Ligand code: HEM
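The chain below stands alone and is given as structure tokens, in the form predicted on its own.
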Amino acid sequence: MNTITARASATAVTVGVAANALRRLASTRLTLLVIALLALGVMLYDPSAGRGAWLLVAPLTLAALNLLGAILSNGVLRRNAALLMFHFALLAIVVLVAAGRLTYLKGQLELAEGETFSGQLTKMESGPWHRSRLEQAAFRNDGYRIRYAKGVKRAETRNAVQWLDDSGQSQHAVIGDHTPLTRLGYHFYTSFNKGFAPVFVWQGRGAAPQRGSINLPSYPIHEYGQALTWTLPGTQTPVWTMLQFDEVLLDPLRPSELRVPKRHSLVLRLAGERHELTPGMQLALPEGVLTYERLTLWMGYTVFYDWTLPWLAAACFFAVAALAWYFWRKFAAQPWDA
């Protein structure tokens, strides 16, 4: 009997300790601490400075434990199906927001017409648990059209893109600022960032020709600053390049469309000398031969990934429905004008 009594006493102590821990976990004081920590995390959150997801994920995890403790320890919630459903939906929302911060990705990229996305981004921020598959989300920029209203106000963008599906078949689509290309969960949108891209062919001494383009500053934001410095492939030679033309492409007095100017030239400065090239011209250098082939356009894209968004929408809908059910039952129990 002494052994049985001792075991029962130990079990009672264990249950008591667990119940006490659960009450502490469900404490409203802990709730207030979680809110304060979350507010501090939001103020300090800055992925670009290395202060990232854990500033939000840590208090969100604590909030999920606090909410779970309340669900398990509060008998009122367990006896009221509507309130129980509402709190489970809140728990799902908190967990999903934390998961989203750990696995999301936001970035930017630029592609000239005819160029294929290889998985490299010009700017990127992501959660610590994001596993990139961008290199598998390849697509090609097949060109775009952008209308401008009077006053050079940008209207819709229609960008033709092409990619290979899982069976190797070529697929085509037209995307824009609000109509994305979705590949492997990544959503690619066009942006206001676009401009001109000179295409060159460079043949170094004893090397095979290389074709590539450079993206000049965004147009028309930098209308009077269409110049940059780049380096010849395989060399240390910097090349300052400026696009010049006299044609009015975007007329502020009438609707227009962005396009390549009919006549233009490139001014190149390298090794202390000035050169002016038009399409088809070559420039012989000690390191090789540079051929200016043509002028085309480039488009800037934003890319976004967050697998939690549809689940968050469903959880929010579930929470609203449960709350509506709770209040309907509460006020339906007696006349409204009683």
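Residue indices: 1-based, along the sequence shown. Definition used throughout: the rigid core is the maximal C-alpha set that superposes within 1.5 Å between two forms. A quick note: this is a predicted structure, and the numbers were derived from the prediction, not measured.
Keep in mind the form predicted in complex with protoporphyrin IX containing FE is missing from the figure; the text below concerns it.
**Student:** Is every one of F245, A284 and L295 within 4.5 Å of protoporphyrin IX containing FE in the model of the complex, counting heavy atoms?
**Tutor:** No, because F245, A284 and L295 lack any heavy atom that approaches protoporphyrin IX containing FE to within 4.5 Å in the model of the complex.
**Student:** Counting only non-hydrogen atoms and a 4.5 angstroms cut-off, does A53 reach protoporphyrin IX containing FE in the model of the complex?
**Tutor:** Contact with protoporphyrin IX containing FE, no.
**Student:** Taking any heavy atom pair closer than or equal to 4.5 Å as contact, tell me whether L216 reaches protoporphyrin IX containing FE in the model of the complex.
**Tutor:** Although protoporphyrin IX containing FE is absent here, L216 would stay clear of it in the model of the complex, with no heavy atoms inside 4.5 Å.
**Student:** Indicate whether Y326 is a 4.5 Å heavy atom neighbour of protoporphyrin IX containing FE in the model of the complex.
**Tutor:** Residue-level check for Y326: yes, a contact with protoporphyrin IX containing FE.
**Student:** Mark V34 yes when one of its heavy atoms lies within 4.5 Å of a heavy atom of protoporphyrin IX containing FE in the model of the complex, and no otherwise.
**Tutor:** Within the cut-off, so yes.
**Student:** Pick from R183, H264, H87, R140: which has a non-hydrogen atom within 4.5 Å of protoporphyrin IX containing FE in the model of the complex?
**Tutor:** For this set of options, the contacting one is H87.
**Student:** Could you check which residue among L268, L83, I146, A98 gets a heavy atom within 4.5 Å of protoporphyrin IX containing FE in the model of the complex?
**Tutor:** Of L268, L83, I146, A98, the residue with a heavy atom within 4.5 Å of protoporphyrin IX containing FE in the model of the complex is L83.
**Student:** So which stretch, 202-210, 74-82, 235-243, 156-164, is the one near protoporphyrin IX containing FE in the model of the complex (non-hydrogen atoms, 4.5 Å)?
**Tutor:** After filtering at 4.5 Å, what remains is 74-82.
**Student:** Heavy atom within 4.5 Å of protoporphyrin IX containing FE in the model of the complex: which residues of 62-80 qualify?
**Tutor:** A63, N66, L67, A70, N74, V76, L77, in sequence order.
**Student:** Rigid core fitted, then: does R183 show a CA shift of 2 angstroms or greater between the shown form and the other one?
**Tutor:** No.
**Student:** For H264, is the C-alpha shift between the shown form and the other one 2 Å or more after core superposition?
**Tutor:** For H264, whose C-alpha is compared between the shown form and the other one after core superposition, the shift is less than 2 Å.
**Student:** Quick check: L30 between the shown form and the other one - does its CA shift reach 2 Å or more after fitting the rigid core?
**Tutor:** Comparing the forms between the shown form and the other one, which are aligned on their rigid core, L30 does shift its C-alpha by 2 Å or more.
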